[in-house]
Every structure is written in C-alpha cells, then in structure tokens.
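Take a look at this single chain in structure tokens; it is the form predicted on its own.
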Amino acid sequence: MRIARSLSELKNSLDSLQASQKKVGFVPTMGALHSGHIALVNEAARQCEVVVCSIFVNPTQFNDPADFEKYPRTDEADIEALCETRGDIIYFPKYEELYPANQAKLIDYTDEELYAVFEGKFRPGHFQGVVTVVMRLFAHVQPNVAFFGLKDYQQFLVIQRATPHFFPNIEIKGVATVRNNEGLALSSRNKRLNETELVQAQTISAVLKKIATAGPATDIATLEAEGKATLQAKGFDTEYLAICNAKNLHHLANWHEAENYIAVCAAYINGVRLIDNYLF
C-alpha cells in the first residue's frame, strides 16, 4: 500500500502503477473507517486493477462548525485497516490543493430537486460542499469508476447526477449498506455513541425495516406516523422519516406513484445525528 500526502505524490504513485493503462477505482472517504468503507475498497478492487482511497475531512460540507470539529480523525488506524485490503494507494489530499486560492469558492452547480429535500433541506450548503470536493478529487485521481456507500443514499444520487456535468467518462457505483448483527448501519458517527446509545440506535434500522416489510399493504401516512412515534418513545429527536420514490426521493402520498421505494430517516440521539435508509 502506497501513501500519498500531496497531489504530486499521488501522480507519482499512479505513474509507478501504470494506472493510465489500467482501470482505476476510487473510494473517497472522510476517514474514521469502518467495515462499510472496507467493503467499498474491496469491491473497487474486485472490479478494478488499481484502487485509490482518499481520506479528507471536508470542511465545506459541514453546515455546523462544531460538527466538523467533533468529526473523528483516526488516520493511523485507518492506514492500518486499509493495508489489510486489496487497495493500492491511500491519498491524504492537502487542503490548499483541493481549495487553492484561485478556486476557493464552491463549484457553481446545483440540483434543485435533491438539494431542497431531506439532507439538503436540513443541512444547508452540505451538498454544494460534497459535490465540490468530490469533483476536485476526481480531477486529482482521474478514476474510471468511483464507489459510494448507499447508506448515504441521497449523496449517492447527488453525485451520480452531478458527475456527468464534469466527468462524463467516470462511472458512479453504489455499494449496499453494511450493518452489524443487530441491523445498525455502520457509520463513523457511531464512534461518538456509548454502549447504551449504540443499542438505542438500533431502533432506527428496526423502524425502517418494519416499513419496508409492511410495504404497499399498509397506508404510507400510517407507517410514517407509527415510525415517528416509536422513535420518540425511544428518546430520539426525529428530523425526518419518509417513504419516497427511490429514483428521485419524491415523498410519496400513494404507493402507485413509484415502482421502487426507499424509507429514509435522520434522527438525533443525545446530540449525535444519525441517518439511515431501506430500499425496497
């Protein structure tokens, strides 16, 4: 495993691997890696000849500066974990190379449909920061394929729709959410929860699974109301819980409005914000 801590080091590593003649897979992360990230890297290695994984806590996608400061940073443990994968390069970009003085502003791109709902609504500016950093990382790495976890489903859709405007030859692939034995979606934010809170957090996935299992046999509004009531009873402050069209995240009033569905949720537990979803 090669470690690149600058754009020049990244290019040197890619050149030494003759990446220009091979299929390059890319997994962008913010570190604090868990089994879900490792699954992304290994899936990239299964499909590609060269795999780059970046680690960069991107400040422009945090609408709350305190949240940015609290985000876990575990570089040494991340390196150790990645060295056990089939990846080839770990890239730690420099802030000034991703946000140089002449390109300090966010990319002038918007998705009026996806930026206005759920994560876009409750985290103003979040997706502008995500799209900016991902497109600039794409410019550095020049991958053929990029892999994103479907736990952040709305982010996946945003990137999938934005990429052709900037890099039409890069393919975006989603990888299924990795969960623990109790169904809790693995997340870097889980590191901020104590043992009691980790058990409590399993309620989110249980609620979403119940919705997915019930499906069109039950009224949408009833399922949403029951889910919110369950979360409230377990001590959650729910930001949103909705059943949507999986294609575009349109909130559904009736099942016949879509062919494929997704239940999405964001909720706080003792100040830690968790998100999850179930496709069905």
Ligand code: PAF
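Fair warning: this is a prediction, and the values are worked out from it, not measured in the lab. Residues carry their position along the shown sequence, with the first being 1.
Although not depicted, the form predicted in complex with this ligand is the subject of the following passage.
The closest heavy atom approach of Leu186 to this ligand in the predicted bound form falls outside 4.5 Å. A residue is said to contact a partner when one of its heavy atoms sits within 4.5 Å of a partner heavy atom; Phe148 meets this definition for this ligand in the predicted bound form.
At least one heavy atom of Val133 is located within 4.5 Å of this ligand in the predicted bound form. Taking the partner from the other structure, this ligand in the predicted bound form has a heavy atom within 4.5 Å of a heavy atom of Gln155. Of the candidate stretches 211-219, 23-31, 233-241, 43-51, only 23-31 contains residues with a heavy atom within 4.5 Å of this ligand in the predicted bound form.
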